[in-house]
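In the block that follows, a single chain appears as structure tokens, in the form predicted alone.
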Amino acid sequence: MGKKWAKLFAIPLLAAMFIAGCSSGSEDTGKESKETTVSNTNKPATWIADRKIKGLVFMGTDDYTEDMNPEIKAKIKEQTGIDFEIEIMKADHSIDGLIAGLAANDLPDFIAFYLNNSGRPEMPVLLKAAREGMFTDLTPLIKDTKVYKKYLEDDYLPIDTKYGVMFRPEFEGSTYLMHMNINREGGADTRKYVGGPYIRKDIAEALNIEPSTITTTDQLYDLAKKIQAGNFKDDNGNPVTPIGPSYWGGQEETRLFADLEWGEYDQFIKQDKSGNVLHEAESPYVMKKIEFVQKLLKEKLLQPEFFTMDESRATEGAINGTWAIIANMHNYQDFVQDMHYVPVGPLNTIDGPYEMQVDFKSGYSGWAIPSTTKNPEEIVKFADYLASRDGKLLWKYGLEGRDYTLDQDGNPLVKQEVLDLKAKDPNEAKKLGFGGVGNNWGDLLGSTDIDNMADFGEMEYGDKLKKDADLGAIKIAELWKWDEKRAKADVIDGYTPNSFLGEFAKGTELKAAFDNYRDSLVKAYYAKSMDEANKIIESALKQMRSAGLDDYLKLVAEKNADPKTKVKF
């Protein structure tokens, strides 16, 4: 899913898929257990209930697939008794669907949503629903689980997940939102991830450019001019665009304009060297960035729809080599495993040379159980099974014998024919129905307490059998000197600047003003003059201040002074 957790997604047509609940919940020993039965019922010990569990998913269909393999469905039903049905909410943006779905107040057994951190735009919407009694208290339900009970341990969750998303002081020990994708060990690496801008390797070589030397926006501009003069073509024989949008579609790109960006693009709040907490609109960098972007657009170095292009067209341009430089992607994407795109930079930040930061732990996505759900403990039991080692083995690796065998340590050994099918025909491979081949139904309730190396003996699906040609992600990390940067990295734990909107008196009004600022920033990029752009930004800043920006920035500064609510600027 790469960086998808960093933006709002356009949601395609309504899709429904039926997938059944899951298998075998053994003791958390890290190895697959043999099936045991309850003697007086003749049902597996993993049995939960003979019922349907339906979820409404406020996320895009690019993360999930409609089709479910019938053999896996049968296995899931056999093991747990659960029919698992999910519906993907139709909406132009995921948050619009979430707002509409909650407002309708006609919710199924659970809902799932994007939620990287408590600073996401979804958080105030979810908090409002929780305060109005729309969700079930999950705290008593997870006390007797095997995996999710770890969330109750003092040092297991990162502080933003613990106090910002889940166990907020206002709820006095209750929790209504389950935050997902939490690593088992703090500061541990689950993959050698290299995100940011990438350049076509053949173009870099033709220009005799070492991409790692591009560390400023001035150097990026010079590189784009050379690309433009080089008359390079894409796979279809058409002229390339020097700088194209993110692989996932148009948006602001922090890492492409890093030495002009005041904080992360979805926050725009940062502390300066004097200790003052400011919004980007109050800093000198916003007009510098607008001037730079306008220059790129005027000279046709930047794709005209860079900030607005839909995901499908942006992805198509990346795969076809139309973008000489892709503004943002990562090294684990399938199409780049032959390394025909390589990383640029990384670019410096406004604070100086790039330095890697590693979160102690961080979350991505979440779920909640409406208060109208009958027997909510069964949904929690089902989620706990999916989060167990045995549950993950099913939804990550498929069926033993069909999709994998077990090695001498009891870890899955992926069948070569499955890897071959995935490489040759990814869409056909997805029909096998599990995460390793791109059918990620288990992520919704089961992707947490993550430690793939400990659980499965490999960091990524199929690593043990991958040929040298399939290890492009690792080679890219080596090229980027990932190990060297990681050795010097700071491990941080904290909140995002926008995490406190939910407790701010004018939070809803200010959030609307922040949204307007993002829209205004794009308008300023396309303004006819810098004077017009300046007026657009001044108007947006005036609206934010009317909505309480100054008081909110004071609140952020106060929170940052408290070790329990340290802010990640």
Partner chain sequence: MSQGSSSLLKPDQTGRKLWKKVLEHRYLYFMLLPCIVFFIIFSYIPMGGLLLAFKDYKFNKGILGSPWVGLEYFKTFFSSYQSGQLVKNTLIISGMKLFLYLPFPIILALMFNEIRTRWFKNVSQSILYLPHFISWVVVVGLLQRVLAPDTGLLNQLISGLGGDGSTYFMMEPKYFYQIMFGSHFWKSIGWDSIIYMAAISGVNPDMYEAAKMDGASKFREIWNITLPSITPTVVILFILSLGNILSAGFDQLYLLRTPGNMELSDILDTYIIRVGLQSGQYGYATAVGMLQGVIGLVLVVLANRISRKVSETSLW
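Just so we're clear, the structure is a prediction, and the values are computed from it rather than from any experiment. Positions refer to the first chain, counted from 1.
Below, we turn to the form predicted together with the partner chain, even though it does not appear here.
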Problem - Partner-proximal stretch of 296-304, 441-449, 458-466, 382-390 relative to the partner chain in the model of the complex, 4.5 angstroms, heavy atom - result: 296-304
Exercise for the section: Given the partner chain in the model of the complex, answer whether the residues Val125, Thr308 and Lys528 all have a heavy atom inside 4.5 Å of it. Expected result: yes
Fill in the blank from the handout: Partner-free chain; cross-checking the partner chain in the model of the complex, the single residue of Lys535, Lys523, Lys43, Lys52 with a heavy atom within 4.5 Å is Lys523
Completion exercise
Of Leu141, Ala129, Leu260, Leu256, the only residue with a heavy atom within 4.5 Å of the partner chain in the model of the complex is Ala129
Practice task
Consider Met134 of the chain shown here, and say whether it contacts the partner chain in the model of the complex, taking contact as heavy atoms within 4.5 Å.
Solution key: yes
Practice task
Classify Asp96 as contacting or not contacting the partner chain in the model of the complex by the rule of any non-hydrogen atom within 4.5 angstroms, answering yes or no.
Solution key: yes
Practice task
Indicate whether the partner chain has at least one heavy atom within 4.5 Å of a heavy atom of Lys226 in the model of the complex.
Solution key: no
Handout entry: in the model of the complex, Leu102 touching the partner chain (heavy atom, 4.5 Å)
Key = yes
Handout entry: Neighbours of the partner chain in the model of the complex among 496-518 [non-hydrogen atom within 4.5 angstroms]
Key = Thr508, Ala513, Asn516
